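Laid out below as structure tokens are two forms of one and the same protein chain, each shown alone and named structure 1 and structure 2.
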Structure 1
């Protein structure tokens, strides 16, 4: 029988569950988010994780670097991310802080690889996100990253655009980050629905200026679409204003 432990998808309860499993020396076959259907041989186990209430203690014990890595893995869309984190922590309690140097262990190389991948995408999004100015001066952006990086980019824009009201919508996950000049809140799309986004008066002029700049700055004698696409993959183009028209042109 495969013992598959179920959690609600939150990071806190994932930590609670991991604490419980490690503490009691339980080896799960897999750990899955609620809604997992399972196969014929799966035995699904769902605990009352709130009761365990050990997430804070675990965060404290593991320290900044380890938490950073497992949190970033948690934000990824990797198929077996939870069980990778489980094995990473299992080995962490065996080897301690030297673990990150042991890239020959699969759970280590996978954790570091996925964490880096998520970090890289978040960094890219800090550059590729494009805001539109709405009628009431609110800045609005939408994007569709592979990984759940909305919180990471929100932290960035909280510092950068501290004196603006802004909204960032993740079209893939249907969640939206709202900043009120003090802090940001991440909500489900249904909880915050603007049916119409009316652009400010000079928005189109600015988009035009940017388009002019973008088209002018490339040197035609050095044209290199492959290099351009390596750095700025096509999947992001629909949300990058200077590229959104390119899709139809080149296809």
Structure 2
């Protein structure tokens, strides 16, 4: 029988669960978010993680570097990320801070690989995101990253656009980051009606001017969508003004 431990999907309760498992020397077959159905051979175990409440204690023991890596793995879309984090921490308490040098261990190499991949995508998105001005002087942007990097990106724009009101929507996960010139808050899409907001007249004019400029300088006979995709993958096309509508066309 496979012992699969269930948590609510939050990072805090993942840490609470990991603390419980490590402290009691329990080696789960896997760790999954709530809603996981499991197979015929899975025995699903769900604890009251609010009673454990040891996430802060675990964070203090681990330090910034380890927390950075496991948090980035948590933000990834890797199928078995929780069990990878579990074995990474299990070995951390065995070998200490030198663990990251032991890349022969699968849990270490996987943790560092995934952490780097999430960090690279977050860095790319900081430069890619395009804001538009709405009628109420709020800046709005949307994107659909492979990994859940909305919080990392929001931390960047909290500093970069500190004196602006802005919204950033993750279209893939249907979550929205809302900044009020003090801090940002991440909400589910159904908690915030973005359809009420429309582009300002100035923004509409700028969009039209930019699309006109882009289409004017282009040479129709030399258009090469495949080459364009080499520089800007097609999955990003819906989120840039000059490629509006192009993503629906066949290449």
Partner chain sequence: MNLNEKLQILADSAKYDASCSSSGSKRTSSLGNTHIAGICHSFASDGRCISLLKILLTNICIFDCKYCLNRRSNNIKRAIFTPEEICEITINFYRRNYIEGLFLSSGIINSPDYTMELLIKTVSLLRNKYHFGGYIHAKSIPGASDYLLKKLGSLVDRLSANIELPTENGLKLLAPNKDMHKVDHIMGYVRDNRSRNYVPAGQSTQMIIGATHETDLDIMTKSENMYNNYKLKRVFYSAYISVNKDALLPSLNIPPLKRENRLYQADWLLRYYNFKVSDLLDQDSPNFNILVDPKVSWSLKHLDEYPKEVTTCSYNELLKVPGIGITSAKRIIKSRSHFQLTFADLKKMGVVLKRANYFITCNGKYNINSELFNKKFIEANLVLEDRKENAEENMHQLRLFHE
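Positions refer to the first chain, counted from 1. The term rigid core refers to the most C-alpha atoms you can superpose between the two forms while keeping them within 1.5 Å. Here the structure is a predicted model, which is why all the values come from computation and not from measurement.
Peer 1: Only one is the form predicted alone; which?
Peer 2: Form predicted alone: structure 2.
Peer 1: I want to check residue 10: does it shift between structure 1 and structure 2 by 2 Å or more at the Cα, with the core superposed?
Peer 2: No; that C-alpha moves by less than 2 Å between structure 1 and structure 2.
Peer 1: Core superposed first: is there a CA shift of 2 Å or greater at residue 48 between structure 1 and structure 2?
Peer 2: Comparing forms between structure 1 and structure 2, the residue 48 CA shifts below 2 Å.
Peer 1: Once the core is superposed between structure 1 and structure 2, does residue 39 show a C-alpha displacement of at least 2 Å?
Peer 2: Shift at residue 39: below 2 Å after core fit.
Peer 1: If the core is used for the superposition, what shift in Å does the C-alpha of residue 221 show between structure 1 and structure 2?
Peer 2: The alpha-carbon displacement, core-superposed, is 15.4 Å.
Peer 1: Any chance you could measure the C-alpha shift of residue 233 between structure 1 and structure 2 with the core superposed, in Å?
Peer 2: So the C-alpha of this residue moves 2.6 Å.
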